[in-house]
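Next up is one chain by itself, shown in structure tokens, the form predicted on its own.
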């Protein structure tokens, strides 16, 4: 792969040309559309584009979060319904919207796309919503929620000899300390490991700080093909690879102490074909960082989740896209040249997406 100053993009090369995200709010008192509109206006302003210059729009969201049927239809108001938009939607995190947009641009008949992820969780209780997505015969009737499943996975990790509760606390302490320099974080602070371990269990062996703070928020980006990307920015972030893998939704059919789907996705996109300067992983529960580091070969990497990650703010349906944005932003600002972003969906890292980004024009 040709990189750096010798790289000349073709029309099959697709880049992120602008990014935007809102802070992770504990409670957003306005509509989800207003969260989206804020990001869209940022993107249009930074690129000088008009709404009718964007040829495709795709959003990731979940109607169940706000309790409004077909909320994804009204969310298009945040983009602007006129001029008429060519629009799609995924009932997934915005990272999966990026995956579809990337494939859509590869068809070659359009040059630009909006990618959006948004969620307003405060009207409801995600802990009661997401058990409905688990296996309908065994898990859903039990009301087996994500924190409980996360506790089972954390125990599996301990029983396999791969981690301890102190390891989990170290992830939290580092993440919250990193979040102190992140203006979009909902939770941050300088906590010692011993202080965290003194807290009571919430879903044993996990404590409340091992869980992500549920947030309202949105994130968005504009991606473009080849020469069009260079017309829109002098610091494009090229998507070198993106891959999505799924494991069984039957928890008993998986080794919960590992993530083969993440490992396979990382291999497919060539995570280690070059140096990794920064990695943003969708660590919704502290123990997941240990699993994901192992799957991606980043066990000793010093620059994982410098934003604080989801443990500092979790705008459901935007969290994975935020991971990609955080890597892209560091490349745009010259802090990194090549990075890896990860997003997950489903209980116990059931679905995993890995994206490799690189600077240079």
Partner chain sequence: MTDLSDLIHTIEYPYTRSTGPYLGPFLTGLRDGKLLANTVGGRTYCPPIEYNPESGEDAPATFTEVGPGAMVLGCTWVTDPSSKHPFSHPFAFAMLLADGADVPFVHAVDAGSPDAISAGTRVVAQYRDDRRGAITDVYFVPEAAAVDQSIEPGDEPVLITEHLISLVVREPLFPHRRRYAEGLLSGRLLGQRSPVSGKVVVPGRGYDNLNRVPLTEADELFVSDRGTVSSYTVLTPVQYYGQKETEPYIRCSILLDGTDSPIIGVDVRDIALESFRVGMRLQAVWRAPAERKVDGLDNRFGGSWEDVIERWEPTGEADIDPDSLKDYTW
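Bear in mind that the values here come from a model prediction, so they are computed numbers and not experimental data. Residue numbers count along the first chain shown, from 1.
The following text describes the form predicted together with its partner chain, which does not appear among the structures shown.
- Query: Hey, in the model of the complex, is residue 34 touching its partner chain, heavy atoms inside 4.5 Å?
  - Reply: So residue 34 counts as contacting its partner chain.
- Query: Does residue 129 reach its partner chain in the model of the complex, with heavy atoms at most 4.5 Å apart?
  - Reply: Residue 129: contacts its partner chain in the model of the complex.
- Query: Within a 4.5 Å heavy atom cut-off, is residue 169 in contact with its partner chain in the model of the complex?
  - Reply: Contact with its partner chain, no.
- is_contact(residue 148, its partner chain) in the model of the complex, heavy atom dist at most 4.5 Å: Yes - in the model of the complex, heavy atoms of residue 148 and its partner chain come within 4.5 Å of each other.
- in the model of the complex, which of the stretches 169-177, 153-161, 186-194, 238-246 has residues with heavy atoms within 4.5 Å of its partner chain? Checking each option against the 4.5 Å cut-off leaves 153-161.
- Looking at 233, 182, 88, 122, which has any heavy atom no more than 4.5 Å from its partner chain in the model of the complex? Exactly one listed residue reaches within 4.5 Å, namely 122.
- Task: Name the residue from 279, 251, 105, 92 that puts a heavy atom within 4.5 Å of its partner chain in the model of the complex.
- Result: Comparing distances to its partner chain in the model of the complex, the residue within 4.5 Å is 251.
- Query: Any chance 77, 80 and 144 all have a heavy atom within 4.5 Å of its partner chain in the model of the complex?
  - Reply: Each of the three qualifies.
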